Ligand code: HEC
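Starting off, we have a lone chain in the form predicted alone, written out as structure tokens.
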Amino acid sequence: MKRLFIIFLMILLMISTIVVWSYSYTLSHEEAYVPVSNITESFVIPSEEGVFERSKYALEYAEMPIDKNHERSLKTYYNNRAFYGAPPSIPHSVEERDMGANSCLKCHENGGYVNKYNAYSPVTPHPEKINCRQCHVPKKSDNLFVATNWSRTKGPSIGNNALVTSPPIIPHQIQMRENCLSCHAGPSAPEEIRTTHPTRINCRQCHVINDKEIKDIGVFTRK
């Protein structure tokens, strides 16, 4: 009887795990198809919803002076990642118990200058995900214990617009980065990708996603 109870309990736990995981996985993916019957006057496409989350700070970003002595560059932005597209590592010491709203979000929810690290803290584009250490790990050392043939991939170059006067494309995935102003506005934004017009908060109206590398195809001639 005891053995049957343990087997029943294990099956129940397994089913619960599958149900919870499936529900979480479903919520993390937006629906590509939006039924017309669900569209209202205030409707926002799911992948664009995060763009508007920091819009209340847009005017402040536009009028905010830039601190040339402490601003980040695109080089330091990429150097803090194992490869292009990877979540940034934590470049400072952290306590194992510190994460989320109790610690990380105190600096990274709205940014600002941190005297302790003599730098501006980057703003997280997803403050609702409070288990920060699940993706972001502390940088323990600059050296590898074992040599490998690993080579760092380069990030997209600046000036990827199709025409000189065209708005640049979005060279990365939108998932987990829906909040454009988190990385592209304010004093913690790298100077090379800092927007000149944070008050135009509907970024996706002009900037389109393109995950393919832009290459020069020469002068276009009609056959």
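Since this is a predicted model, take the numbers as computed values, not measurements. Residues carry their position along the shown sequence, with the first being 1.
Form predicted in complex with this ligand: not shown, discussed below.
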{"property": "This ligand contact at Asn110 in the model of the complex, heavy atom, 4.5 Å", "result": "no"}
{"property": "Distance check, Glu53 to this ligand in the model of the complex, heavy atom within 4.5 Å", "result": "no"}
{"property": "Contact of Thr165 with this ligand in the model of the complex (heavy atom, 4.5 Å)", "result": "yes"}
{"property": "4.5 Å heavy atom contact, Gln134 and this ligand in the model of the complex", "result": "yes"}
{"property": "Residues of 156 to 188 having any heavy atom within 4.5 Å of this ligand in the model of the complex, listed in sequence order", "result": "Pro156, Ile158, Gly159, Asn160, Asn161, Val164, Thr165, Ser166, Pro167, Pro168, Ile169, Ile170, Pro171, His172, Ile174, Met176, Arg177, Glu178, Asn179, Cys180, Leu181, Ser182, Cys183, His184"}
